[in-house]
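The chain that follows stands alone, in the form predicted alone, written as structure tokens.
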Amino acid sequence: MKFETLTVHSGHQRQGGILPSSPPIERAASWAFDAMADLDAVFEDPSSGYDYGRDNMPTPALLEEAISALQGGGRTQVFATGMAAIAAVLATAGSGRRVLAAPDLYGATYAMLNAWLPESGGEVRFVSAQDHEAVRDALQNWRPHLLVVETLSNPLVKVSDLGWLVEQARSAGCKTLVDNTFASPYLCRPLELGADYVVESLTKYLNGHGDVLGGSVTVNDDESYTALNLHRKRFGATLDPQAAWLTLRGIRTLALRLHQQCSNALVLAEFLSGHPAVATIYYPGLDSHPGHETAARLFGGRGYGGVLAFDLDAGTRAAAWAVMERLQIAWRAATLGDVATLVAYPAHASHRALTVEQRQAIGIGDGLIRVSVGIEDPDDIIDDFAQALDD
């Protein structure tokens, strides 16, 4: 089936000869068995049934099936948050080991790598995913165990050449974790490019309606799947059934939403690129973006994502905050991927945990604004930013 069809038909469950139009929400904390042998069999093989909700539940299991279908295969584990998903990969594949990572990751991921990983006995080095010579050198000479990159970086939407990165990592005996949140499976399916771990923040595009926290990890091999499952049990990072159901409902319109958001983002990026108050615009859909050709190849013409960022010519926090506060349609919020247009101030939101020097080193200045473009009429979006910038 084509992707658009998969979004509609994945994650349903037949009940006998009947297919409900919406999957059931099962909120049981535990399941009782008539025969002890049956209960013991589930303890032995959790995939054969359900016994305790922290281990597995039916509605999240349906979501896992749906995400695996959207990712083009593999097996998926869902978690209570996106950071819980990333932590699970780092705990099972990075703890006590060498991790090579792009420096311009989501701030919480960067902080986890920089602080928690060394505490667990691991080492981390940061190398730009766009600097292929430096990446190749680090892989061949430092010999890391795990490479961590984002398909589109947060917040400057740099594009990772995933096929090349995965190939280089594999030849060096290194596994690859790809945070695919900004692209979603609509634009990119890293598992098909050979990635070992594909992380999605369900909070963002897969749910898409601002009412869920969740994360997922999709893998291709049974060993990694089993390790992630055991980690989730031990640390209790289970996704709630209601959140799973809301994400399943959100997935039904994923293709429609992303199509509109990508289209709107390109229109807004073109407008901002010609505005005198804007110094620099970061969006891979523009020909001027250094990752434009890579994004066109990687995303197959579907679009270039719904997130962009721009630096104000004034370059100050006061100027950035003033523009953000004058916006009337766009909401000031610390997230992305919603149906509404959202603006964030990365220096004090997603990358607040970084020092000023660390932020400056990866290009996050005081005048930077990140925009997650929604599905509103593009003329209204442009009018809103025009009046905010022209005031």
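Start at 1 and count along the sequence shown; that's the residue number. This is a predicted model, so every value here is computed, not measured.
What follows is about the form predicted in complex with a small molecule, which we do not show.
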| property | result |
| --- | --- |
| Contact assignment for the small molecule in the model of the complex, among 296, 83, 91, 246, heavy atom within 4.5 Å | 83 |
| Position in contact with the small molecule when the complex is considered in the model of the complex, options 201, 160, 261, 218, heavy atoms within 4.5 Å | 201 |
| In the model of the complex, residue 150 touching the small molecule (heavy atom, 4.5 Å) | yes |
| Residue 336 within 4.5 Å of the small molecule in the model of the complex, heavy atoms | yes |
| Residue 106 within 4.5 Å of the small molecule in the model of the complex, heavy atoms | yes |
| 4.5 Å heavy atom contact, residue 282 to the small molecule in the model of the complex | no |
| In the model of the complex, segment of 178-186, 122-130, 272-280, 310-318 with a heavy atom within 4.5 Å of the small molecule | 178-186 |
